[in-house]
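Take a look at this one chain, the form predicted alone, written out in structure tokens.
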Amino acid sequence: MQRSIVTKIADLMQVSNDAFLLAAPFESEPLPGQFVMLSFGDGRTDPFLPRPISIFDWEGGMLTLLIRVVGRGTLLMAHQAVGMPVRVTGPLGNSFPDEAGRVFFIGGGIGIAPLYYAAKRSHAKNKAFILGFRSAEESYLTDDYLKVADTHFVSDDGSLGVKLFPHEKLDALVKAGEKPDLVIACGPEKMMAAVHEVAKKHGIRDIHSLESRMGCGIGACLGCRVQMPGASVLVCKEGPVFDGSIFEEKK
């Protein structure tokens, strides 16, 4: 059920040079894969627009968001104090499917954010993460993910896990006999497109969470329209969760 409330920051914790966790009371229980629109709750109009943020976790009425600093709005949010008001609107968007077989959750960089809650809530009999970072130094929350499911780390320079890209690790695991029934992915578009190609090659269903700039979160402003090979979509209204076929050119 969508709500828009002013709540207060309960906790704020930096987890890397450019990412932080923000926790705030929020009673509406989200579905894995959904997002919220986050803005300041003190009446300020600069920055004017809220920011779309994936749901990292929700437990007992406490919402936790994993946020990367990418501009002025998120930088200002990172420097707020516990007890400061924030406006949270949501939960918004569709959600990840929940299947009982073997599921791999594949993330790159800040794209790991919605996968924690998804795997935590998943009823899969067997689940695992494939998480990619540039390096060990630029990774974060690795211990948290390890507590939820088996985790395969990959990195660009090999300093964390193995020196592979996420789609290459997926391919290697499938060839080693660990073929999943479903892949759920979030991260850079090129990463997700590569994951789709591997999934398609092995006959695996793949689902992806797209990211986009948004103004409203409900499809009214049309600001989140993105052109994919398979379709032109409004990420907030039609997504953010899409089937992997969106990465295929229409014939």
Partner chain sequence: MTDLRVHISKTTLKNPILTASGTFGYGPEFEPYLDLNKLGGFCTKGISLEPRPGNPGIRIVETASGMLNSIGLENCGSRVFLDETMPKIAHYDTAIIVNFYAYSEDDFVKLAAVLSENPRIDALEMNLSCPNVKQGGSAFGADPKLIESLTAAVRKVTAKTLIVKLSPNVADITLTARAAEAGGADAVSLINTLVGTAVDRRTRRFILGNKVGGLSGPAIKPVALRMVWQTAKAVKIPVIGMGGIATLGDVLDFLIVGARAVQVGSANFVDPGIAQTLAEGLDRYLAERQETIDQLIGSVQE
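Source: prediction; values computed, not measured. Residue numbers count along the first chain shown, from 1.
As for the form predicted together with the partner chain, it is not shown, yet the points below apply to it.
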Practice problem: With heavy atoms only and a cut-off of 4.5 Å, decide whether M214 touches the partner chain in the model of the complex. | Solution: yes
Exercise. Find out whether any non-hydrogen atom of L92 is located within 4.5 angstroms of the partner chain in the model of the complex, and reply yes or no.
Key: yes
Quiz item: At the 4.5 Å heavy atom threshold, is V70 in contact with the partner chain in the model of the complex?
Solution: no
Quiz item: T7 near the partner chain in the model of the complex, any heavy atom under 4.5 Å?
Solution: no
Practice problem: Name the stretch: of 47 to 55, 181 to 189, 60 to 68, 201 to 209, exactly one has residues whose heavy atoms fall within 4.5 Å of the partner chain in the model of the complex. | Solution: 47 to 55
Exercise. Could you spot which one of R134, R102, R87, R121 gets a heavy atom to within 4.5 Å of the partner chain in the model of the complex?
Key: R87
Quiz prompt | in the model of the complex, residues of 19 to 42 near the partner chain [heavy atom within 4.5 Å] | solution = S39
